[in-house]
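As a starting point, one isolated chain is supplied in structure tokens, in the form predicted on its own.
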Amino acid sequence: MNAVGALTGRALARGLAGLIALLGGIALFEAIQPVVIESFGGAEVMAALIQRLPPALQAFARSRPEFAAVNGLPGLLSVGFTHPLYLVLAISAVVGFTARTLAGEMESGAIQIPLSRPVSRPAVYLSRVLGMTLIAGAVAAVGPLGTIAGLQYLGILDHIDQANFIALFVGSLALLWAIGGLALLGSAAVSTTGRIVGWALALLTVMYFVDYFAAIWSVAKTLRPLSLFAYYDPTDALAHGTVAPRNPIVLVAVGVAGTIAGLVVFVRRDLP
């Protein structure tokens, strides 16, 4: 386990500056959400503005007038956790790490350095799993912390039950774990960083739009269970402090399946 910890620390250290920048960007983005809402006059005014948007744009923003009326400020804040910018930053942190430290090191040949010592392939792979998990946890945490900072700045933190942020963290972590598990599988199978990043972003973009179209197109509803985003509901978490048990179970199962399959592929494959 000492070797796994050392390998994890080195892998995280090599991309630490970029990771800090991404985490800072996520925290800042979520911190300004309550400030923007208050600058428009609060949840009631925002609900009136949303009502004027075309139905397609309401679906894309994951918000509707009745949605804002029922869930109030927490519901509007939860939109910041389904916003494309948040998802791109969060996914980039997780996928970027797995692609760089697994596929990237196989591409450059750097993976041979730890393997030339008495370190097994499973230990090297486990260090990447541990690093991915730590990054997913950090990303899942900084978003809610950014929102808390923005609410504290406005002096309205007591408008939301702070225990709800724990539910939001759990739901976000489950989604990022699933994405990380699939990214590990892809990174173990392909020895090109760019290809893994491209494939991952393409697949997740398709999943995102399947989930989006399911809200406005009946045909897409049959495909919605195939999207990871169908099991991610920050609104229930932030507005009601609940996470449907099925959602994290499915997401964790996907992540575990991807991680185990990636281990099998990495152990058995020929390294360049």
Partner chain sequence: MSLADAPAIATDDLTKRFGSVSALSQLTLHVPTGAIYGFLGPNGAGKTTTIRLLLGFVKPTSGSCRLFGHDCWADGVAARRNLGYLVEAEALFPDMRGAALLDYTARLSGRSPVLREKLLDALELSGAALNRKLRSYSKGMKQKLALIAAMQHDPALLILDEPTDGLDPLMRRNFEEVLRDLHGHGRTIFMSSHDLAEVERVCERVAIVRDGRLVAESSIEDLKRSHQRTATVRFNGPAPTSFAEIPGVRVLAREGDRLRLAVGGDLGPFLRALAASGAIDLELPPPSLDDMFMGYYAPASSTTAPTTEAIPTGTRR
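Keep in mind that this is a model prediction, so the values were computed, not measured. Residue numbers count along the first chain shown, from 1.
Absent from the display: the form predicted together with its partner chain. The rest refers to it.
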Exactly one residue in 202, 134, 166, 115 has a non-hydrogen atom within 4.5 Å of its partner chain in the predicted complex; which is it?
115
Looking at 143-151, 185-193, 101-109, 84-92, which one sits within 4.5 Å of its partner chain in the predicted complex if you count heavy atoms only?
101-109
With heavy atoms only and a cut-off of 4.5 Å, decide whether residue 156 touches its partner chain in the predicted complex.
no
Might residue 120 be said to contact its partner chain in the predicted complex, defining contact as any heavy atom within 4.5 Å?
yes
Decide whether residue 21 counts as a contact residue for its partner chain in the predicted complex under a heavy atom distance cut-off of 4.5 Å.
no
Decide whether residue 13 counts as a contact residue for its partner chain in the predicted complex under a heavy atom distance cut-off of 4.5 Å.
yes
Three residues, 139, 246 and 250; all within 4.5 Å of its partner chain in the predicted complex via heavy atoms?
no
Stretch 159-185: residues contacting its partner chain in the predicted complex, 4.5 Å heavy atom cut-off:
none
